[in-house]
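Below you will find one chain, with nothing else, as structure tokens; this is the form predicted on its own, and questions on how it binds or moves follow later.
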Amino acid sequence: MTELRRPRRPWDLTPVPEREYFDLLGPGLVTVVPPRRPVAERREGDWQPPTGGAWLHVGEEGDVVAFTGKAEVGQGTRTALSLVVAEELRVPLPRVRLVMADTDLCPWDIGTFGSRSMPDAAPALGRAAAAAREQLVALAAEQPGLSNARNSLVAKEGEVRGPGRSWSYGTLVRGLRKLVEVPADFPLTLPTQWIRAGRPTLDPDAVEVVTGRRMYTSDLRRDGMLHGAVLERPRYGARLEGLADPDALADRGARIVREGEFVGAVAPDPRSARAALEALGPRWRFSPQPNERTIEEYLRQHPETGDDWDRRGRSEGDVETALRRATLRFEAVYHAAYIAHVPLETRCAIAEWDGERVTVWVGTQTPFRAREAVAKNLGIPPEMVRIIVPPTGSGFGGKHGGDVATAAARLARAAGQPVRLGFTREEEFREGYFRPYAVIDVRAGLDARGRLTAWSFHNINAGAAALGTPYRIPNQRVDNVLSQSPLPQGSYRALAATTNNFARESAMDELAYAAKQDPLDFRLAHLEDDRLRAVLGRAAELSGWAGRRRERSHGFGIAAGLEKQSRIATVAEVTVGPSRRLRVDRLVSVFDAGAVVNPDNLQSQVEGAAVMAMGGALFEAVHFRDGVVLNPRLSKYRVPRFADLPEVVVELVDWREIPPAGGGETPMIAVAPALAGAIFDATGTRLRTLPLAPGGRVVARPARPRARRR
């Protein structure tokens, strides 16, 4: 893609009439969907709307350039959002160019996470395109002899057609410099009327991906570029006391950069930069840190204090009284380990200064937050920072913020040359953050007819996503509290929904068996959400749940979940062989995310989510002692391998009457509890701690029965 020139000021910080759209893009038509609140008016710490709007340009060649603040990190958003623009403008997909995550050119955006690209960016882009279409039809209606023929004109295939005549979009905007602001409620094409969207569509750049020609952040080079490294803490909680030899250089040409607590090095190659830091002889002060074996006790005793945006909960009825009156009472504690994101591409940034302005190419999910971080830490105005997100090799929630961008900008400013800062795999583990360790206390009660009458769900440290239950329970209390984590923790794909759903669905499975009911029937008896009931029933049908064979060491498990306005149900089939060796034979998932924009990509998303979720369910765990991660490389941290992969069956529910919901996260959340249920079905061993099968074997730590009758 040809790099667009830099505007005088970032367009999201510039009033709409003052933006030089036509100077940079050429004559034509521009439509702008403004942000819900001007970005310039917000104060630091304000919660912003998920999208800052959208804008779009139709040029004299009939080409379309659209702009969004969302980033493409491998999830297929570029193709899906381009399909929305093509649909509303009635143009072939190759005519649409989507500029993403460039803070000079794109609308302000809170970040690419939470499955919000389709719910938020798609409507904004769609309205910009739909308004452009109507403007083009209006321009055609102004042609001589058509004053009364407006209703006979139609936009189709990049032109406006009328009785016996047609005009290409390029012809209609030739010499035009028209800017139109679009109302936030401008009507969109109903999904039931889609022609281009809703059909299987290959990523136009798919060949570049599979042949290695796509240029990711790690592949980029700038003239005169040097390589940087940052001094790494030997363990969490360590503080730098001093340098034994601050003037030492391990390699000729290396340069040390120290600004406050920041210490880095710049050299012609990465190895020399790291060697220079080692030669400094850093002295560290260490403080005692909790160990893995005491993590539950530590988290229970160290809650976060003060205001906490993620501290949520709700209560209905009288839970304690309902528990006392229950015919059968159940209690259990579920755990989920810290796990790492393990993106295919580690974090990387390239910074280059031009006078007082800096451009940083960085793989981040939050480019506008990165702009703020660079500006604040380097003491320059935000308009002097440009963040560009090239195609990025996945993030899974692990590429938020601006630490890497800030460090690269510091090093480049000191060196007076472009600097590339790329993490090794070990640095990715040790300098990143993890999915939080979770401890979840569940108590529940059933009446004499096997109906849930009481539910208490106390979440420690996981987070609030999917905290509530979709099941009908008259007396319930759910709450969440974060803890002072000994390891850095943060966003992970599906946030807390994976661990919360693991505990809830595992408990539902245990309750079903305690009530001597089929796990599917027990769930259906307590569900009111028709869409969730539908995917659960369909997954059971596809997997052959009713006719499943009952054999020793062979088991089935089922689970469901609702999150991000989408629904998932998964059935797992496993075999536990000699030495408790686990084989996952099949995963069957049915997914409902409303109207499906690109079935091919969504199918891949669900399949990929199932495989990734298998890792956290079965193998993955960050091991640590005294603030040191003990397995910071893939030879010691196991992710799913090709030999682990089962048959994966996916069916999509395409509700054209319902707006598209996000598809990147919810497909994760039913895998772990389905596998736990299948392992119990195969072995009689109930496991309540993730991972379930470290090293590929079912762990021999069965949970004690905790259901008892009055």
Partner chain sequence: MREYRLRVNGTIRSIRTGSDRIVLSVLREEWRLTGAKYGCGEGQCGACTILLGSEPVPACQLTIGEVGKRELTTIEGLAGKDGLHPVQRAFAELGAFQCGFCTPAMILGTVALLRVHPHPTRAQIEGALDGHLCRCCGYSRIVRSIERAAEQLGAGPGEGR
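Everything numeric in this text was worked out from a predicted model, so none of it was measured. Residue numbers count along the first chain shown, from 1.
Another form exists, predicted in complex with its partner chain; not displayed. Remarks below refer to it.
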Notebook entry, point to check: Can you say which of 211-219, 381-389, 233-241, 325-333 gets within 4.5 Å of its partner chain in the predicted bound form, counting heavy atoms only?
Noted result: 211-219
Check: Is Ala340 one of the residues lying within 4.5 Å of its partner chain in the predicted bound form, judged by heavy atom distances?
Finding: yes
Notebook entry, point to check: Quick one: does Arg430 come within 4.5 Å of its partner chain in the predicted bound form, counting heavy atoms only?
Noted result: no
Notebook entry, point to check: Might Leu542 be said to contact its partner chain in the predicted bound form, defining contact as any heavy atom within 4.5 Å?
Noted result: no
Check: Even though its partner chain is not shown here, does Gly397 get within 4.5 Å of it in the predicted bound form, heavy atoms only?
Finding: no
Check: Only one of Gly490, Pro474, Gly74, Gly468 has a non-hydrogen atom within 4.5 angstroms of its partner chain in the predicted bound form; which is it?
Finding: Gly74
Notebook entry, point to check: Which one of Glu620, Glu352, Glu510, Asp120 is close to its partner chain in the predicted bound form, taking close to mean a heavy atom within 4.5 Å?
Noted result: Glu620
Notebook entry, point to check: in the predicted bound form, which residues of 620-651 put a heavy atom within 4.5 Å of its partner chain?
Noted result: Glu620, Arg633, Leu634, Ser635, Val639, Pro640, Arg641, Phe642, Ala643, Leu645, Val648
